[in-house]
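Only one chain is included here, represented as structure tokens and corresponding to the form predicted on its own.
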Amino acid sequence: MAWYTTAIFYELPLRAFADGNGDGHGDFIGLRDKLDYLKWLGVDCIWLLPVYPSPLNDDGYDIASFYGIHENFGLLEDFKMTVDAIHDKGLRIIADLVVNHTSDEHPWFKEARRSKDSAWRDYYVWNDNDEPYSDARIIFLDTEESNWAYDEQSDSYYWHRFYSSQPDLNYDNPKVQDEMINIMKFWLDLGIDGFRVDAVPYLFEREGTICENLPETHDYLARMRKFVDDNYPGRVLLGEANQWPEDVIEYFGTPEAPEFHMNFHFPVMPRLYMALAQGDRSSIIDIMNRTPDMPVENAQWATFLRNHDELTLEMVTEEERQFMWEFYSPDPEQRMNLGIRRRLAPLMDNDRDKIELMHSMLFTLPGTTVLYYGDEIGMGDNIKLFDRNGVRTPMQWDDSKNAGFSDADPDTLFAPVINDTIFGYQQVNVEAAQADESSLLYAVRHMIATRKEHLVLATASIDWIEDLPDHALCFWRREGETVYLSLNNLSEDDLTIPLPEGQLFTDILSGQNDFTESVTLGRYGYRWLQLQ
């Protein structure tokens, strides 16, 4: 069993996690200081958001150089020290690899726009007008009117799937393909355990298509995978393809040409929220049943509740999207593109029962769990901040100045700390949560520890129990002689669930072992049972 198939991943933006040098920005010094906390929580692998030199117009996903560290975070030596410190703790680290685009401040693009005869011109996609590839959708609907942007300097249009300040790389150019392999080698040689690969469906453009999920893209991703397998066995590639299950499954590749070791299962995530809002399990069962069988060995889904982006509603129907917007983001300011820019706890109205239930479903459904920093303590958000930055505020460590994130002047922080009456750092912080064994933090930590004691919860087969009320999400997880039963109540009302006659079950969360006839779940209650 490959290590990543059962691991607990923890996503963190370095800028928001801990400031070790007092300049108002998180950095590698701060991260090293907090590794004991992540170890205590039960994390196996850190997923580090981009730390490259960048103008930070898109929080680092607009990369100005692939071969360095942003000056706010430290030096390259700092990065290497941090990788070594993470490994010394018995943890792993993967870094973001942004393959689709660069910043318009990257030297490649500066040279490309300088002259149509530039040697770097063909590193990007140019045209004399904005007419090609008109079938491709616009991803950032709130800010971009076209996937083409006019460049006055060279009197041409360049292609971009995200912000116009992020020109797309031209993967029809073999030099671009080689450059990305070289970039991977550079960071893997520094000791990281793999990459989370950003925005993978959009690498190639072809007229008459939507410019997503093209065969050429899969061919190149298979080349990336072969490079890793041949030279860095044991490292992992985690793909970000926000697509329907039948499209995402293709990003695992084939036995002859494997692609990603792991892929995010984006369509599951919004349906967890939808099922809870509707008190109806059917949306979860439908999307899981729609998910094809894994085409290769040692592959795994990555599942999550929230991340650094908006809660995407791309992979739902228009009717479902309208329902989710009205239920979870009644204030239009909480919406962005085709999603909702709020954190987990505010989405749950800070209802502890609901937050725990969401984690129960996450930890007992198939897949490797990816947690988002701060959600384990119930952090809030700040929708007044630009773009998705409202869910990327400073980590709340204690109730001291700046939530213990930094000793800098508050006006110099990269973003203000959350300071409202519900989610403010005075009430919601790690120190207070660690001092209270009944806190959400301890509940999440206990779920992590229990999942790690019962690893087959990540990999076992799943069988739904459907002869129950709609608000009962109950399913078997089976692997060989090991059998679990996950019971989840999507309702405020008590729910009694009969158990198979003549069988004894133990609750692996509480240790209670006398369940023989039925189980009653309270409002939004859950149980993880193991058949004895």
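Computed from a prediction, not measured in an experiment: that's the story for all the values here. When you see a residue number, it is the position in the sequence shown, counting from 1.
Keep in mind that the form predicted in complex with 1-deoxynojirimycin (NOJ) is missing from the display, and what follows is about it.
1-deoxynojirimycin (NOJ) is not drawn, but in the predicted complex it has a heavy atom within 4.5 Å of H308. Heavy atoms of N72 never reach within 4.5 Å of 1-deoxynojirimycin (NOJ) in the predicted complex, leaving it off the interface. At least one heavy atom of R196 is located within 4.5 Å of 1-deoxynojirimycin (NOJ) in the predicted complex. Although the partner is absent here, Q166 lies within 4.5 Å of 1-deoxynojirimycin (NOJ) in the predicted complex, judged by heavy atoms. Only one segment in the set 223-231, 457-465, 386-394, 141-149 has any non-hydrogen atom within 4.5 angstroms of 1-deoxynojirimycin (NOJ) in the predicted complex, and it is 386-394. For the options R343, H101, H106, R281, the residue carrying a heavy atom within 4.5 angstroms of 1-deoxynojirimycin (NOJ) in the predicted complex is H101. The contact with 1-deoxynojirimycin (NOJ) in the predicted complex, taken as any heavy atom within 4.5 Å, belongs to F162 out of F252, F363, F423, F162. Site residues Y372, D375 and E431 are none of them in contact with 1-deoxynojirimycin (NOJ) in the predicted complex, judged by any heavy atom within 4.5 Å. For the partner-free chain shown, just Y61 of 59-74 comes within 4.5 angstroms of 1-deoxynojirimycin (NOJ) in the predicted complex, judged by any non-hydrogen atom.
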